[in-house]
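The chain below stands alone and is given as structure tokens, in the form predicted on its own.
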Amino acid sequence: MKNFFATGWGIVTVGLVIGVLAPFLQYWGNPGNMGICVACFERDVSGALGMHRAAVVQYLRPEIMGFVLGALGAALFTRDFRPRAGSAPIVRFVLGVFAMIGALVFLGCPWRALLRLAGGDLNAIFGIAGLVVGIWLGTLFFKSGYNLGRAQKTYTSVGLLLPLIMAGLLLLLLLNPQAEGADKSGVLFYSLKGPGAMHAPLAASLLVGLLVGFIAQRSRFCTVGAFRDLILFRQTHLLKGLFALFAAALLVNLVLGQTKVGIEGQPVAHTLYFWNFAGMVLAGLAFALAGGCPGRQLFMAGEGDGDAAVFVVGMIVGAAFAHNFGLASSPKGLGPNGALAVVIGMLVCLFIGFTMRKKA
């Protein structure tokens, strides 16, 4: 049976679905211009588990569990579940850590960069520019032989581990709901104010996550892949999905009255142009070297890719580092050690890129 979502119209459909649902999640309670943000949501998950104690960003986001479980459902339904692993896992973990640090310096993943711009936040332009530059740097390494090696077919249990962990986290959330005015319930931490305290109803968040995970797995939707394919092969297939996402989000935000055009006073954003740019250069390079944006990594983990699962864990740990060590930005500006973290992250990514090239 032909996979509609892999066609040109299919990738546009996926972009439209994400572009419509993300502003609605914001309308239903998620933070401003953050209807969906994989990096921010994984940061909140890290906080909910007590890995960092930034009290304003602690909530076990059901969207993250939904993305993985939805992708798992799609892969099983279409017999596309392919357990594989073994392609430089420690490198992928480190790339996940620095990808998260770069994203939190900017305050958003590639999806949120587009959603911020669709909501009128012009600071996002610098982040998107940095993302493209980071991906472009990654393509230079690809052209010179950069390769993390081939993943090998492995045990089914390896491919199921991260989906099972996500199912366990969802069960934790259901068994430990937040009590009125409480910042902890059972083993989970909850924000009482800030972005972590803003969330759509659990059922809505989970259903959106499951739907997006299902259709994105079938389409191979990926922000980093879209720019990589354009730069390397002049292919625009995946890019059509990004344009559809942005156009849909722009229209829905206008209809819902969620548009505020400008630089100052944007939700969960800062106005340090250079660091918006630099943070996403780091994130874009790390995503490119790892083989996909954070959303794509979740979807691949759902379809059995153990290496993608390692990258996801790296991002969650990276969020803990970012907030425990003062690396993450806030609406007030750059974290006290954020600039140094970006420099170190770039050096580490360049080291990986230069030293993992197969020469003819």
Partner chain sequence: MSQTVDARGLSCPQPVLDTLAAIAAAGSGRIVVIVDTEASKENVARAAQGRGWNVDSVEESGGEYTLNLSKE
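Residue numbers count along the first chain shown, from 1. Model, not experiment: these values are computed from the prediction.
There is another form of this protein, the form predicted together with its partner chain, and it is not shown here; the text below is about that form.
The three marked residues, 6, 150 and 233, each reach its partner chain in the predicted bound form, with a heavy atom inside 4.5 Å. Per the 4.5 Å heavy atom criterion, its partner chain in the predicted bound form is contacted by stretch 140-148, the sole one of 243-251, 140-148, 166-174, 273-281. In the predicted bound form, no heavy atom of residue 199 sits within 4.5 Å of its partner chain. Although the partner is absent here, residue 237 is a contact residue: one of its heavy atoms lies within 4.5 angstroms of its partner chain in the predicted bound form. Residue 92 belongs to the set of residues with a heavy atom inside 4.5 Å of its partner chain in the predicted bound form. Proximity of residue 61 to its partner chain in the predicted bound form: non-hydrogen atoms within 4.5 Å are absent; the residue sits far from the partner. The partner is absent here; in the predicted bound form, the one residue of 291, 295, 306, 66 having a heavy atom within 4.5 Å of its partner chain is 291.
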